[in-house]
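In the form predicted on its own, a lone chain appears below as structure tokens.
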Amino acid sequence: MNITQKIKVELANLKKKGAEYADARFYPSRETESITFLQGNLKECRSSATTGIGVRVLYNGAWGFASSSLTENLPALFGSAFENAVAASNRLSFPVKLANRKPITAEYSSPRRIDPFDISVSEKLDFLRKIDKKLEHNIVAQRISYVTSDKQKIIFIDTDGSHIEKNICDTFAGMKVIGVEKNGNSQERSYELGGDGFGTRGWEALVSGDKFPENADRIVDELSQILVAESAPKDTRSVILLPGIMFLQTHEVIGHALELDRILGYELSYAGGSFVRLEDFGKLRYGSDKLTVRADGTLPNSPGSYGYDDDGVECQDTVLIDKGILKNAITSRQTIVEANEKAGEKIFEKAGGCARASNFNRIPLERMTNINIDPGNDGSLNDIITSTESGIVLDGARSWSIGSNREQFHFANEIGWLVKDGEKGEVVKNPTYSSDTLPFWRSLSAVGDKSTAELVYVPNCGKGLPSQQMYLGHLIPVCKFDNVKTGE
């Protein structure tokens, strides 16, 4: 009897013991590798390989969970998960119920041409050395470059009869240069590997063409301009956000704010809740009519595309905000039932396929897929600049501060370019902008076309206790917002 057959036997035994539902996520293998260069020297070259299994059991309205990197004693592991559920059922605040869904038998593989784990370490080191050489310059006090690869095989089996096998591979890379001004303050410019959402995400995503190396030259040149630039003025003006900061704007005050577990009052002990209320869906004007946002797990190639979630629900393309009006949330089988019952009406029709765990030893939570903004009809970046009387173009995130319920924010950027009378002018340093969330999105006055959109990879979205780092993406165009406080 192979291990998947043994898992099915143990799941059947849980049903006999009284479990309402149970599932198992078996990781036959997970490989990770991280290589980092600092100042031309190898700082880190680390790899790992793990295997393990996580088991969830629903008993009398309560979850129990157990996990192990060992698979020799499955009865004990499954029994421990069941016992945890029984214990938890005596301390319920709201009984867990799961939305119905049909059992699925399926396979999913993320698109790739070259497995990064088939590339030798020496070849990867040579690649990063070349990048490091391009970053080396007399104005650069510190330079950093890295490549990280992750390959997972996951088998999901549940008591409803689902059996899903996934093979997912991701490649992340980035670089940063730091310089020091005459007054001793530091400035930085960075670049992270991204895409367009429609290619592949193996090793070829990094080495195909000159996209990554060309950005090395660009960020050094822009750092040289920042180091001699004047400070960004304190003002109220239009801000034009490039994808390198627009992704984070979307991530923090749309993505996290629309996670349904936060809206229901969970996650309050870690990064806060949400200002959104259940009664807001279908009514709240979140932004201007130029704003359409979707949670699109069906995008062909992104770290936020994974085929099926850890509830056994197929990934979907869900419109969250339609022409400025709040329509839906980032949901799971559990939270939509709880939300509909608490609201006393059917707000959510079906689970959004957004329940994910970062590894076999973590429980699934509501997590972002690809939280994207639809491109608009306001043309290219140059078109948007030309239509701007007084503004600033911003890129790169240096720091950010978010209200405890995502109701306000403050972002500091790596670089800015002043705009006056439709012309892009000089570089300014230390640009910042801030606003309350809803007035900001309602001030959205221009959304760039497809030519301005970029898929930004996010390899480090944190949530949950114990903490889970999740992969996702944002396909984001250039956007302009009016009457925004800057330089504060």
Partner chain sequence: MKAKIKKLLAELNNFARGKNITAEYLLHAEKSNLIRLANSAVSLNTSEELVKLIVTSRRGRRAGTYSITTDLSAIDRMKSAIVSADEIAQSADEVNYDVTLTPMTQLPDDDVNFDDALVGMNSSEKLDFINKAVGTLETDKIKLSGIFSTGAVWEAVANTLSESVLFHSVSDGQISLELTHSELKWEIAATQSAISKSDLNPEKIQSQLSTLLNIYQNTSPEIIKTGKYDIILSGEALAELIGMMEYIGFSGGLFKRKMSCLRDEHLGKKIFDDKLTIVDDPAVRETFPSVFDYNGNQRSKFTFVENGVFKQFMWDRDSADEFNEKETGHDVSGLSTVISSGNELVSSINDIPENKELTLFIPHLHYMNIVNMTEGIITACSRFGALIFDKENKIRVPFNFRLTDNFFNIFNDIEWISNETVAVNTSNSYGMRSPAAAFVPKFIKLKNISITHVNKSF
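Note that the structure is a prediction, hence the values are computed from the model and not measured. Positions refer to the first chain, counted from 1.
From this point on, the text means the form predicted in complex with the partner chain, which you will not see here.
Partner contact region in the model of the complex: 336 to 344, out of 289 to 297, 196 to 204, 336 to 344, 150 to 158, criterion any non-hydrogen atom within 4.5 Å of the partner chain.
Heavy atoms of Ser399 reach within 4.5 Å of the partner chain in the model of the complex, making it an interface residue.
Heavy atoms of Lys424 never reach within 4.5 Å of the partner chain in the model of the complex, leaving it off the interface. For the chain shown alone, Lys43 is a contact residue for the partner chain in the model of the complex, at least one non-hydrogen atom being within 4.5 angstroms. Put simply, Leu444 is far from the partner chain in the model of the complex: not one heavy atom of it is within 4.5 Å.
With the partner omitted from this view, the residue of Asn100, Asn183, Thr105, Asn377 that lies near the partner chain in the model of the complex is Asn183 [heavy atom within 4.5 Å]. This chain is drawn without the partner chain; in the model of the complex, the residue among Gly324, Gly307, Gly174, Gly272 with a heavy atom within 4.5 Å of it is Gly272.
Residues of 24 to 55 lying near the partner chain in the model of the complex, listed in sequence order, are Phe37, Leu38, Asn41, Leu42, Lys43, Cys45, Arg46, Ser47, Ser48, Ala49, Thr50, Thr51, the criterion being any heavy atom within 4.5 Å.
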